[in-house]
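We begin with a single chain expressed as structure tokens, specifically the form predicted on its own.
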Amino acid sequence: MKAEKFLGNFGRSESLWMYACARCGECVDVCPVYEETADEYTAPGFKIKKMRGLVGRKLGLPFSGGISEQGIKKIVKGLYECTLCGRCWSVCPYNYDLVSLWETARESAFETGFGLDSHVEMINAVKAENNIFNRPHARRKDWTKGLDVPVKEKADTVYFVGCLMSYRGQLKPAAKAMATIMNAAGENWTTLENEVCCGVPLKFSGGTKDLEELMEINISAIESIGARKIVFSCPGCLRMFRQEYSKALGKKVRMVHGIELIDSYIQSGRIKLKDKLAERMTYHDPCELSRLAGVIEEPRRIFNSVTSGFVELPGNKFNVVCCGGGGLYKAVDLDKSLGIAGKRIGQAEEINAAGLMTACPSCYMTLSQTARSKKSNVKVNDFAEVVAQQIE
């Protein structure tokens, strides 16, 4: 039975994490999905309790109890009703890597036939056209029209654009802005002639079977260019490269988010900005960029150079509150995802921010969609567009 193989990929570390859990409830108190759903199967500690019983039963441990296939389906539902934001990990007294735990469990769910149909469709799209939208691969560079975007055989820097920035119309201006900024700084950069999906959607869904093949295409292209730096607009792509691609590319290639690159430009004087805006603006830290990748002070230096009216949202920096758009959660429950985002827009309204900036395409889409539906006066902006408009 497929149920008997569920969580069969759990090794010693995952098992130890679950059995060391003291069920203190700290993770439950900060989970944005549990706060929105009140479903115990979305509570991190409860999921660990249920998975621990299942693994314990396989190991023949006492007091493990049994579980039906229907019970497994409930666990799996909770695994996918998660934004992978890492707030549970951030408050765990034992500092266990719970994001990795959820990803490993999702991989087991997918491989044993408990994966979601929407995720299967997404993976099939990646197989067919190398992007999650099943759009023609040949149109991946449509965003470059009307702009000086180089494609070089050799360059110091590669701009890895990603699926969202390449295909989503509302995000293409942000990709253009990043290109404009690098041109203004005199960066010796290029895009990949044949960029394909980085593979992070496969990792998030658990369907990692074809991940190596995707990675090899991008790795070969980057190595042939001889780049020493890769720039990303998407924090998901950045973390995927740092966690997986770095094993092949090694330490010789730096992997940075666009916000880190722009901060270095401003600090070194490679770009000059106009007089500061007076507009009251705030910043939503993407969970993957701040909490999970450690990029926290750079955006604040940038925005204090752009505007004299920068204010902080509550729940910021390492303790940022998720916008609801991560971990493929929008494909699982769009209404609940936007409900979480609505709270973030409400916080921006409470501090009277006219603009809400972010540095993640998923955050941008989720927050801007919510702001429109709420008819909010808060305008959601991508950081690169704001900076590009202020370059002298």
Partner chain sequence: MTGQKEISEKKYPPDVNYRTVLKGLARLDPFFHLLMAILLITGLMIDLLGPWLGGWLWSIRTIAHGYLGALFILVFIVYIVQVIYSKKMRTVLTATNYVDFLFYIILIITGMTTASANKPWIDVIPGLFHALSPIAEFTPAIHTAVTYVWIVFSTVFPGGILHGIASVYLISHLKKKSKMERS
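Numbering follows the first chain given and starts at 1. Only a predicted model underlies this, so the values are computations on that prediction, with no experimental measurement involved.
There is also a form predicted in complex with its partner chain; it is not shown, and the following applies to it.
Engineer: Against its partner chain in the model of the complex, would P93 count as a contact residue? Criterion: heavy atoms within 4.5 Å.
Structural biologist: Judged by the heavy-atom cut-off of 4.5 Å, P93 is in contact with its partner chain in the model of the complex.
Engineer: For F383, is any heavy atom within 4.5 Å of its partner chain in the model of the complex, or not?
Structural biologist: It does not: once its partner chain is placed as it appears in the model of the complex, F383 has no heavy atom within 4.5 Å of it.
Engineer: Do K375 and its partner chain share at least one heavy atom pair within 4.5 Å in the model of the complex?
Structural biologist: Because no heavy atom of K375 falls inside 4.5 Å of its partner chain in the model of the complex, the answer is no.
Engineer: Is A185 a contact residue for its partner chain in the model of the complex, using a 4.5 Å heavy atom cut-off?
Structural biologist: Close contact is absent here: in the model of the complex, A185 is far from its partner chain, nothing within 4.5 Å, heavy atoms only.
Engineer: Given a 4.5 Å cut-off on heavy atoms, tell me which of 221-229, 145-153, 317-325, 113-121 is the interface stretch with its partner chain in the model of the complex.
Structural biologist: Heavy atoms within 4.5 Å of its partner chain in the model of the complex occur in 317-325.
Engineer: In the model of the complex, do K2, K330 and L367 all reach within 4.5 Å of its partner chain through at least one heavy atom apiece?
Structural biologist: Result no, not one residue of the spot touches its partner chain.
Engineer: Quick one: from V253, I296, L211, I217, grab the residue that has a heavy atom within 4.5 Å of its partner chain in the model of the complex.
Structural biologist: So the residue touching its partner chain in the model of the complex, by this definition, is I296.
Engineer: With its partner chain left out of view, choose which of A354, V30, V55, I67 has a non-hydrogen atom within 4.5 angstroms of it in the model of the complex.
Structural biologist: If I apply the 4.5 Å criterion carefully, the residue I get is V30.
Engineer: Could you pull out the residues of 2-16 that have any heavy atom within 4.5 Å of its partner chain in the model of the complex?
Structural biologist: R12, S13, L16, in sequence order.
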